[in-house]
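Presented below, as structure tokens, is a lone chain in the form predicted on its own.
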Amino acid sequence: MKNFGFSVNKSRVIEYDQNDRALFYYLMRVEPSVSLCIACGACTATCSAGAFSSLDFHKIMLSIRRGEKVYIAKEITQCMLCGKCQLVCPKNVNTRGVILQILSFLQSSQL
């Protein structure tokens, strides 16, 4: 077979059934406002820590729904808990509460 310099890309499918969504269910129980998030990105746009680091609350919310705890554990520690994201949230998601609950969950699960 002739080599044209192309190859088959690795599959980029997210297997939701294989991810552990315990953090998502925990947040739904202890901080129900997380279900109001419409992923508008206002929190990320105003984030003071995000201006100087890779912190992206929008991606964290997406990772929570996907069950990607390793990424969340790496990024969440960069938050300064200033609360600007909560002030601009159009759905009044208690973002500081969400972050504190994530930290509590991660400490209890020792990730």
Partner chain sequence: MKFDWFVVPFAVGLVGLILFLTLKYVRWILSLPKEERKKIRKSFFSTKIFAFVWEVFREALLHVRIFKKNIILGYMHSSFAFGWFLLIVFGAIEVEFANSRHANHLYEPIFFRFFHRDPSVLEHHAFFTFIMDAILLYILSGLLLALTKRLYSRLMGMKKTTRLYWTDKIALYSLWLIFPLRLLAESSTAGIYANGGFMTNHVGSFLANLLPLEKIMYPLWWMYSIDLFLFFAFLPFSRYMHIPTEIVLIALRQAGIYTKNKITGFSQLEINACSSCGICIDACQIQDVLGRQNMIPAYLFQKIRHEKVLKPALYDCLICGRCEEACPVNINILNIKVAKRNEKLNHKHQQYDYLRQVTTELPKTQIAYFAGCMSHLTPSIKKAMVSIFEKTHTPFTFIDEDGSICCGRPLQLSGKIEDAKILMQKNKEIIAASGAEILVTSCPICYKVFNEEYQLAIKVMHHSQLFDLWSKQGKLKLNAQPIKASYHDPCDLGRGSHVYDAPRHILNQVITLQETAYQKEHSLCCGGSLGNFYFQEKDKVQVAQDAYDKIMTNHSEMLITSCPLCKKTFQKVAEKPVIDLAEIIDKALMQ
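Residue numbers count along the first chain shown, from 1. Just so it is clear, the structure is predicted and the values come from calculations on it, not from any experiment.
In what follows, reference is made to the form predicted together with its partner chain, a form of this protein that is not presented.
Its partner chain in the predicted complex is not approached by Ser35, whose heavy atoms all lie more than 4.5 angstroms from it.
Proximity of Asn94 to its partner chain in the predicted complex: non-hydrogen atoms within 4.5 Å are present.
Although the partner is absent here, Lys84 is a contact residue: one of its heavy atoms lies within 4.5 angstroms of its partner chain in the predicted complex.
Although the partner is absent here, Ala22 lies well away from its partner chain in the predicted complex, with no heavy atom inside 4.5 Å. With respect to its partner chain in the predicted complex, the three residues Gln18, Asp56 and Ile72 uniformly fall beyond 4.5 angstroms at the level of their nearest heavy atom. Met80 is the sole member of Cys40, Met28, Leu62, Met80 with a non-hydrogen atom within 4.5 Å of its partner chain in the predicted complex. Contacts between 31-67 and its partner chain, taken as any heavy atom within 4.5 Å in the predicted complex, involve Glu31, Ser33, Thr46, Ser48, Ala49, Phe52, Ser53.
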